[in-house]
Every structure is written in structure tokens, then in C-alpha cells.
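Here we start with a single chain on its own, the form predicted on its own, put down as C-alpha cells.
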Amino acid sequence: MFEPGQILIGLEIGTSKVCAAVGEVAEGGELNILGLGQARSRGVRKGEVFDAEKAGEDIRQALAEAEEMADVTIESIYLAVTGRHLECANFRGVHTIPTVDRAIDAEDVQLALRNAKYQSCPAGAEIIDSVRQDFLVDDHAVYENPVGVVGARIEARVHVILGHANRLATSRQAVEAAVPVRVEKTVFSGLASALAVLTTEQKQAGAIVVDLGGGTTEFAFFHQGLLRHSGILAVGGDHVSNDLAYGLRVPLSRAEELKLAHGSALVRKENSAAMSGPTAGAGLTDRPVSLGKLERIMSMRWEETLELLALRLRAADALRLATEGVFLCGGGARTPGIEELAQRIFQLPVHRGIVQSVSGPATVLENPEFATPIGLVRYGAMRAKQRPRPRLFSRLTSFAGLTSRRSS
């Protein structure tokens, strides 16, 4: 059960920013965000740490700011991870009941789950999460819990998120070398974002969360209360800036400024002949640029990214089943016109993802860029809520709280 007053900390080491959220579990299990700290990220590329020293400085700054705002001492954290080395897929594990006409027991369930989970883990990989979905008995009946059912064969269906063990260790060590904290658990950032913005009802009906980050784009699809599919694209907002720098022939820093000041995911007719204004003390590289050209470049990159994502979601049958639509979060969700473009590509209702069922400062909860660290806090609270189970079963199900239709 929840422990009232328990403090939980989520840390995201992103390509564009490092962000830490501090939350408290109140009476009744409600979450309250007490503090948030952030720093510009300088040692991360495509969601992975490549300069531990620079990343460490940014981690210290973000955690110190969150610690001061919340007036707590941080001892352990939940750490978001992403990157092209992660693999997210559904696996099946089969266990044959050795005795005829015997009811399935907990040990049979454990063996089926183990077979599903560990067949997915090649050498050098580390399982981040293994989320139980459902079970088939004798190849036809589907059960949430098959214990007590008589059958000859049980098949477990599991969604597994895994990554390269050494690269995951690099992220953990970057944190622990920078500050005196313990990494309690690594969590896929796309899953954390989904836990922050989706309600119980939306998970049940079918919904997709898309996190448009600086170096990567993550997605998670829930249906019937279960995590059905998730994944990563190694493209994000930084690619838009790179395209602008090349297409407009300006430095990358200037391209980023133009993107934030004048950017759009759609080409607007009123800007076809408009020019951006010069900056104060502008040099040759800060000359005015065509807003029409800027919007065409941005629109093409965002359209390509969302089309690639649509292919992945269509293959998982998510676009057909997500009746609640798509929820956008991350820094890219702030791009003007992105919801309209996404709706056109996905052919679904598209919304900006807002943190649900959490109290705290509105400026924090309503900002789509903070979904991941807040979702990490919720992950920690859900993990703490689980009732004690036999050690083997707990390890095999690996965060069974994700499959509970009562969680949000």
C-alpha cells in the first residue's frame, strides 16, 4: 500500500534538458508535486549520455534546484532512459501443464511468464520492464488471471522493454558519480510520459501517448487498461533545428531561435512572403529569413517524423483501437500546428497531453515538457503500492501495477 508522506523523485536526462520532479504520496494515495528543477542538457545525444562530466554538472543543477524547491534531501531516484538501443516488443511464453485435468496454479503462471520474458533477452541486454498483458489457455480462452482454470497449456503474453546493458549502466553511473543518490529503477521514458497524462478511462478505451523530445520520439499505446505496445524513433526536435540551419544557411543556435520564435508544423499562407525581423546587434548570420521557407522546412520534417510513427502504430493496430486518440507531450508538443498535422496523419483526435490526477503548481502540470519526470514519480508510487508477493512471482511480472485497470 501507499506510505503517506513518502517522497519520490523522477529524473529525466534528455537531449535538450535535464529535469527532476519531486513528489509526495499523500493520504489516500494522491500525488502532490512539491518541486521541479531543470538544466540545459549538454552531455546527451539522442537520449544517451556521451559526455558524463557535462551531464553530471547538469544533473547536479537540476537535482539541487528540485531539492531546494521541495525542501527535501534527495537520496534515491527513478531514472528515465531512452535511445535507439532500446527494444520494445510483445513476446509469448508457453508452459504445458504436466498433469491431465489439473487446475492451473501460481507456479504454472510463473513458468509461462518466465518463458515469455527471458526468451526476449539476448546476450548483452538488460530487461527494463516486463509488463504482463494476458493469458491464453488451450489456445483460445483469454484470461487476466488463469489460476484455477483447468487446461493443458497456458500461454503468457508479455510486453518487454529492454536495452543494451552497458549503455543503461552508463546513464546510471553518470547520475551516481555526479550526486550521492541511488538509482532506484530505470524506466522507459515513453512509458513514464503515458503514466502521467492518461486516465484510467483513457487506458481502458484505447489511447496513444507520443513524447516529442529533442533527440528521440517515444510512444506508448494502452488498450483495455493494458500496455499493448511502445517504441522509440531516433528523431526529434533537434533534427528540425538541424534542417533549418542547413536550409536557411544560418548557425544552429540561430536556427533554434528561429524555430522557437517563428516555427510552425504547418505552412501558413500569410507567411509565404514574410521575413523574420533582425535580432539586436544582428550580424551577417542573423539576417532576416523567409518565414515561408522556415515553415516549409519544419513542416516537411515533422510530417516525415509523424508518418514514420504512423507506420509503427498501424503495424501494432493502435490507430484502429485508440478511440480516445493521441496525446502529445514533450517539447515538440508546443510547436504551433503540430496537433492539426498529427490529426491529419493519424486520422484520430489529437490532444496536448496534460498531467492527470496529480496536484501541484499549474505551470508545472500543464507543461507537456514535464510529463516524463512526473510520470516517473507516479511509476514509483504505483510500484510502492503493490502488495508483497513471493519474490519469484514479483520478479517475473516486473511491475504488475501497469496492468491494473484501477491504476491511472
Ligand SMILES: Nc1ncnc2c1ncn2[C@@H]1O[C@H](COP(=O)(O)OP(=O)(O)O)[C@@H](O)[C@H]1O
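Numbering starts at 1 and follows the sequence shown. Keep in mind the model is a prediction, meaning the values are calculated, not measured.
The same protein also has a form predicted together with the named molecule, omitted here; what follows describes it.
Of the candidate stretches 172-180, 114-122, 305-313, 213-221, only 213-221 has residues with heavy atoms within 4.5 Å of the named molecule in the model of the complex.
This chain is displayed alone, yet in the model of the complex one of 129, 108, 155, 238 has a heavy atom within 4.5 Å of the named molecule; that residue is 238. Interface residue remark: residue 229 is not counted as part of the site for the named molecule in the model of the complex, having no heavy atom within 4.5 Å. Proximity of residue 58 to the named molecule in the model of the complex falls outside the 4.5 Å heavy atom cutoff. In the model of the complex, at least one heavy atom of residue 260 sits within 4.5 Å of the named molecule. Although the partner is absent here, residue 23 lies well away from the named molecule in the model of the complex, with no heavy atom inside 4.5 Å. Residues 330, 331, 332, 334, 335 are the members of 324-361 with a non-hydrogen atom no more than 4.5 angstroms from the named molecule in the model of the complex.
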